[in-house]
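Next comes just one chain, in structure tokens: the form predicted alone.
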């Protein structure tokens, strides 16, 4: 469904990703693991269609994203949801925060009805907000001021906001890195719910235990390249690349 094909990107003289290929299909979870600063966030930005690669292609349903006009690209981008490591909520109620993305996408639906197929599938706004908050266990705080939430609760609301408009692909950047075990378990359960509803999920994480728990496939990002991509069990138990083996075993330290 969403594919980065032989993409490369450099910031000045520093190559961040080099000839990298990765895809995500409907109803699967792909975990991208690697040490901090290796380029996981940059890869997610490429997949979110917000960052153009220096070379290679990013395709969405076989459409070359950077070969179409800006309007069509924006329409495709609105089929991708992203949750960042740091929750960023508005000065409003929990409900209003989750509703925000729905309102924006409903405005776009009038201009791009054919491209925004995911928006056409939506239920009523109130139903979508409540359903998304139920997935992350936050319905009882629907009217609470978002500023009063704990860090874990705020991250759960951020997840609900991305989930509410029924994206085709959900990108998560270290979504549980600063969370306690209870909030981590809720987010991981929500990822499972997204997968079961047919959403393709890409999770960037440095937590290898988490990747092993939640992922169908694992991609190992080291030295600007994916050293290994495969089923989670195979990558962790019998990696083919020596760099992957050393990283997973802790021998390769960054």
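Positions refer to the first chain, counted from 1. Bear in mind the structure is a predicted one, so any value in this text is a computation, not a measurement.
From this point on, the text means the form predicted together with a small molecule, which you will not see here.
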(request) Tell me, yes or no, whether residue 93 is in contact with the small molecule in the predicted bound form, where a contact means a heavy atom of each within 4.5 Å. (result) no
(request) Although the small molecule is absent from this view, report whether residue 174 comes within 4.5 Å of it in the predicted bound form, heavy atoms only. (result) yes
(request) Would you check, heavy atoms only and a 4.5 Å threshold, whether residue 36 touches the small molecule in the predicted bound form? (result) yes
(message) Is it the case that residue 40, even though its partner is missing from this view, gets within 4.5 Å of the small molecule in the predicted bound form, heavy atoms only?
(response) yes
(message) I need the one stretch from 54-62, 28-36, 211-219, 188-196 whose residues put non-hydrogen atoms within 4.5 angstroms of the small molecule in the predicted bound form.
(response) 28-36
(message) Looking at 139, 184, 85, 144 here, can you tell me which has any non-hydrogen atom within 4.5 angstroms of the small molecule in the predicted bound form?
(response) 85
